[in-house]
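Take a look at this single chain, the form predicted alone, given in structure tokens.
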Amino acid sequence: MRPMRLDRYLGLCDLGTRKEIKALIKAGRIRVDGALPRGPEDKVEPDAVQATLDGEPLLFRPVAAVLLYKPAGYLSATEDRGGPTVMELLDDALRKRAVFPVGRLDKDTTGVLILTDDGEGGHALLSPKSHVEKAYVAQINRRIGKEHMDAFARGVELSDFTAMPALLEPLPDRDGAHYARVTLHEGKFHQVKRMFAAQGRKVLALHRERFGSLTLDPGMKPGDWRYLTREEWSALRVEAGLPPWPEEV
């Protein structure tokens, strides 16, 4: 990894804005390998130094990538006047990193949502050309049959485009309600709901259970989130046809 300015390095340790970081350095609260830095313009080797704040080691995150269990009622956007957004579920450090949702889940849809500041990785994961799978569990008003599964497998024709072929599987009824799983490689606006509507079925509730190889952790509740490990984010990038780690980092 290339040398970088100390203030940029500390920003990637989630310490805040450059102005805030400069103030911390000036106050003598930052140490680099145990020594006081001369200033924010000092050059450091990211893979070879240990910085501390008030004696506490800092964790260097060259890429911020987050797994969020999106609850219903939140918009998948960085800002929106139409209601609360998923950004309000994150902490200040992540908001300052300018992470963005990788794709959109409808306001009433729950489940796996990824947020990152890796623009290349995020956009590649959304491209239909990458063939990264997304799996959803839908509660529907009526059971599905073989004719509906065949239609999804061919590609459902909608008013403005024909959806790519998708896998539709019936799931066991629960408490008198009907369920099905849809696995697809694209994610256009209201796509799952529109595909079911084209087959005479209404989606009553929708949950994304998987994005690529990523699923929710056992015990996660709506609104919970955690950082992805370097290995997890690298694996998702590879699934999208990219190198494991951004070259510019």
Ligand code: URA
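From 1 onward, residues are counted along the sequence shown. Since this is a predicted model, take the numbers as computed values, not measurements.
Although it is not shown, the form predicted together with the ligand is what the next lines describe.
For the options R181, H185, R29, H190, the one in contact with the ligand in the predicted bound form, meaning a heavy atom within 4.5 Å, is H190. Among L105, A138, L125, I114, the residue placing a heavy atom within 4.5 Å of the ligand in the predicted bound form is L105. Although the partner is absent from this view, L58 stays clear of the ligand in the predicted bound form, with no non-hydrogen atom inside 4.5 angstroms. Contact check for A64: no non-hydrogen atom falls within 4.5 Å of the ligand in the predicted bound form. Within 4.5 Å of any heavy atom of the ligand in the predicted bound form lies no heavy atom of S130. Among heavy atoms of L214, none comes within 4.5 Å of the ligand in the predicted bound form.
Here the chain stands by itself, but in the predicted bound form one stretch of 192-200, 36-44, 214-222, 50-58, 192-200, has heavy atoms within 4.5 Å of the ligand.
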